[in-house]
Ligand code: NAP
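As a starting point, one isolated chain is supplied in structure tokens, in the form predicted alone.
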Amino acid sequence: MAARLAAVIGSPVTHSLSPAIHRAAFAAAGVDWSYVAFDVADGEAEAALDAMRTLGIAGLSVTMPHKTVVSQLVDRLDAAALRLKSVNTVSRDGAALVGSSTDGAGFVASLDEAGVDVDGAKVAIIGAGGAARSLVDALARAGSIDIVILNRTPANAADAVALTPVASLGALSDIGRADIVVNATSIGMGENGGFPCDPSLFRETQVVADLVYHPLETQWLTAAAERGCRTVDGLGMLVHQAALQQQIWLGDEAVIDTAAMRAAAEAVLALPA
């Protein structure tokens, strides 16, 4: 098979972990694929898709600020992308470009890897942005029976609540009855830290997951672990959504090495800033 190219588009993408993760996956799979990052400014997504068609680029990862507009530009959407009106993956089906969303399913896969079953679970999600909406959709499809969304501006949670009958707007008091509590905000990222909610609300039988992966163990996760909770870091979702992208591009028969992908990401995160 001739060498093929995949890429991530977004702005900024300088510090994206996607190149390291996907290159590790391609190497482990033994395929002749390359992966690069293209900084594509807001408003230039259509030109990027035109380039994909013209240059024969085999796959794209899509990050901010392009996820919504790309969903309007591709030829076809998978079920999750259609519901979310958001695309993080573009693949080729002959001449057609197909948009998919693997973020939510990647989160569910990361929980599964950690031994956490979401079927029948009650979940509290802090935040109502694009990441939170992808979680609501995937968790509902995976069998979660009660999903409460906590957001500082309740009106902004309407789109997330509308995704499934099992979702509702919640309050901090709902955290105590959840089996799984998820931070789907950027609170806790970088050196400033911070808690998306007071850890005193946790009980020791809960699973606490954070979508933030820099730092890998946030202050919030540390506090949750100290209260006896089981914790899941944000790198798992990043790796597993990328693994699902690999499956789309390479086909169901491909063997995707998530351990190699995570190791590559951790190596980058360990480098000096």
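So that there is no doubt, residue numbering starts at 1 and follows the sequence shown. Source: prediction; values computed, not measured.
Although it is not shown, the form predicted in complex with the named molecule is what the next lines describe.
Item to complete: Answer yes if any heavy atom of Arg76 is within 4.5 Å of a heavy atom of the named molecule in the predicted bound form; otherwise answer no.
Response: Looking in the predicted bound form, residue contacts with the named molecule do not include Arg76, since no heavy atom lies within 4.5 Å.
Worksheet item: Is Gly130 one of the residues lying within 4.5 Å of the named molecule in the predicted bound form, judged by heavy atom distances?
Response: Judged by the heavy-atom cut-off of 4.5 Å, Gly130 is in contact with the named molecule in the predicted bound form.
Discussion item. How about Leu238 - does it come within 4.5 Å of the named molecule in the predicted bound form, if we only consider non-hydrogen atoms?
Written reply: The answer is yes: Leu238 has a heavy atom within 4.5 Å of the named molecule.
Worksheet item: Does the 4.5 Å heavy atom contact test between Met64 and the named molecule in the predicted bound form come out positive?
Response: Contact with the named molecule, yes.
Worksheet entry | Per-stretch contact check against the named molecule in the predicted bound form, the hit in 223-231, 26-34, 204-212, 50-58 (non-hydrogen atom, 4.5 angstroms) | Flagged stretch: 204-212.
Worksheet entry | Triplet Lys122, Thr164 and Ser168 all within 4.5 Å of the named molecule in the predicted bound form via a heavy atom | No: none of Lys122, Thr164 and Ser168 comes within 4.5 Å of the named molecule in the predicted bound form.
Fill in: Interface residue in the predicted bound form among Val90, Ala184, Val136, Val181, criterion: non-hydrogen atom within 4.5 angstroms of the named molecule
It is Ala184 that has a heavy atom within 4.5 Å of the partner.
Discussion item. To verify the annotation, which of these, Met189, Leu82, Val98, Val116, has a non-hydrogen atom within 4.5 Å of the named molecule in the predicted bound form?
Written reply: Flagged contact: Met189.
Worksheet item: Hey, which residues along 148-162 are within 4.5 angstroms of the named molecule in the predicted bound form, non-hydrogen atoms only?
Response: Those in contact are Asn151, Arg152, Thr153, Asn156.
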